[in-house]
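Before any questions on binding or motion, here is one chain by itself as structure tokens, the form predicted alone.
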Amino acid sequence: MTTLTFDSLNPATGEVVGSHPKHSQDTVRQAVGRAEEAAAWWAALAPAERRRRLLDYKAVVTQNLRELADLVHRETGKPTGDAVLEIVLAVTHIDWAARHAEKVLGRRRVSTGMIGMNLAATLEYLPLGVVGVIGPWNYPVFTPMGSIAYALAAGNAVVFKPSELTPGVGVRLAELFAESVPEHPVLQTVTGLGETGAALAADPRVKKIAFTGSTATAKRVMAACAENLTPIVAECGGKDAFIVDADADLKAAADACLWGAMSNAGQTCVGVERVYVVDAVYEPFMRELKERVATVRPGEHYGPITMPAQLDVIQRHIDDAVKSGNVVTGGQDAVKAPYVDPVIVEDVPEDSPAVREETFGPTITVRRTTDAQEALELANASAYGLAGTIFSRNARRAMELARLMRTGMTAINSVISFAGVPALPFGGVGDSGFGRIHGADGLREFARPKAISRQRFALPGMNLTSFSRGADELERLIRLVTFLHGRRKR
């Protein structure tokens, strides 16, 4: 029987990077079956053994950093330097997950309270079994590793389905893991198109799916998972806002804004897409932004649009923005497939697709606001809620705005910096998804809490969970509860 294959292409040149099998439903089932056996072995290892192997995996990835970065460069088109950066961030997350899993998930005693004084109670977090990870193409190492590393550290086996645009990266990640854990296929990669991912999501032996992609695709994955009540953590799109307050460092703000919007050709789920600038500093900020964007060149500072179909979305958004706004740079002729020139448009109506929908290209809309409060209200008036940025020299004010921003993450006086802090959870609200990867929350996302209570001794005269319970025992209970909880606080 001939195995169907597909090619991954360099989006900048069109050359074939590699050829990979379109894994069928049966092949996915077989992979999940192997993962079940591997999961039992992996979970039975002492936490210190899993930690040792994961730290060794971190070392193997680091030793192969240049080769892996080159593969990322060829499959995505992004500059090699940007590929190096994402792999370095992924390495720090593997390290953090390995070193903190036992402390976060291990068994610990919890207080039983006065009513349960005769009990001992423990809480621990146990592995789920097999976790399916469906990864994206824009950051093919960093983003899926935020699920893979934490799921592995929590004691699970992983079946990884990378994007059909970056299958080679996904295959290589599993090959490198096998160098550190050769005994069992604890991390496997299956390649293919949407049907392969659907087969993984629909397999009842998969105990959780970690998905990164568009909101529309997330809904389809959720529907497949619903058949087996398989839980899912979904990291979807964003339309992230960047707020420049009246006391901001404008040079630093313009520099961060431009990088957050244009790096990786704007193909970043937490990239800057909407900019709100307080009126008092609008003109000087725009001067700084214009000066910097004039030096940014596609093909040098960022790569091509990796997914060809996205060019149509980008063109539609630019056309709409240009009709109603004022072009600062770029314009309707900015799309020069496979590249897109930087595009900045002012005064685009808030109900425009360029403001409401995720563009995923090197474009931003900029709007003048009366004050930071208005900027915050506009930033929050979005169906998305992934991340955002505040620039202000007033630490207290910046923190207040950051807390009130309706997002899962907010950076202050920096851009996307939260992604480089492994202890911080990563995820959104609204159309940006739910659940968290990274940090302690990310470890717990891939484990199930197990609560155990043990009676240490019987309470004399207080056998409440028995049909022999009498009126005297109930009266003693009422008196105890009234003493403990019956006094009102004034």
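Numbers for residues come from their place in the sequence shown, where the first is 1. Computed from a predicted model, the values in this text were never measured in an experiment.
The same protein also exists as the form predicted together with a small molecule; that form is not shown, yet it is the one meant from here on.
Enquirer: Of 246-254, 410-418, 217-225, 76-84, which is the one stretch near the small molecule in the model of the complex, taking non-hydrogen atoms within 4.5 angstroms as near?
Expert: Heavy atoms within 4.5 Å of the small molecule in the model of the complex occur in 217-225.
Enquirer: Answer for residue 306 alone: is it within 4.5 Å of the small molecule in the model of the complex, judged on heavy atom distances?
Expert: It does not: once the small molecule is placed as it appears in the model of the complex, residue 306 has no heavy atom within 4.5 Å of it.
Enquirer: Examine residue 352 and determine whether its closest non-hydrogen atom to the small molecule in the model of the complex is within 4.5 angstroms.
Expert: Heavy-atom contact with the small molecule at 4.5 Å: absent for residue 352.
Enquirer: Contact between residue 346 and the small molecule in the model of the complex at 4.5 Å, heavy atoms?
Expert: The answer is no: residue 346 has no heavy atom within 4.5 Å of the small molecule.
Enquirer: I'd like to know if residue 163 sits close to the small molecule in the model of the complex, meaning any non-hydrogen atom pair within 4.5 angstroms.
Expert: Because a heavy atom of residue 163 falls inside 4.5 Å of the small molecule in the model of the complex, the answer is yes.
Enquirer: Looking at 264, 156, 363, 212, which has any heavy atom no more than 4.5 Å from the small molecule in the model of the complex?
Expert: Selected residue: 212.
Enquirer: Could you spot which one of 177, 276, 142, 137 gets a heavy atom to within 4.5 Å of the small molecule in the model of the complex?
Expert: Among 177, 276, 142, 137, a heavy atom within 4.5 Å of the small molecule in the model of the complex occurs only for 137.
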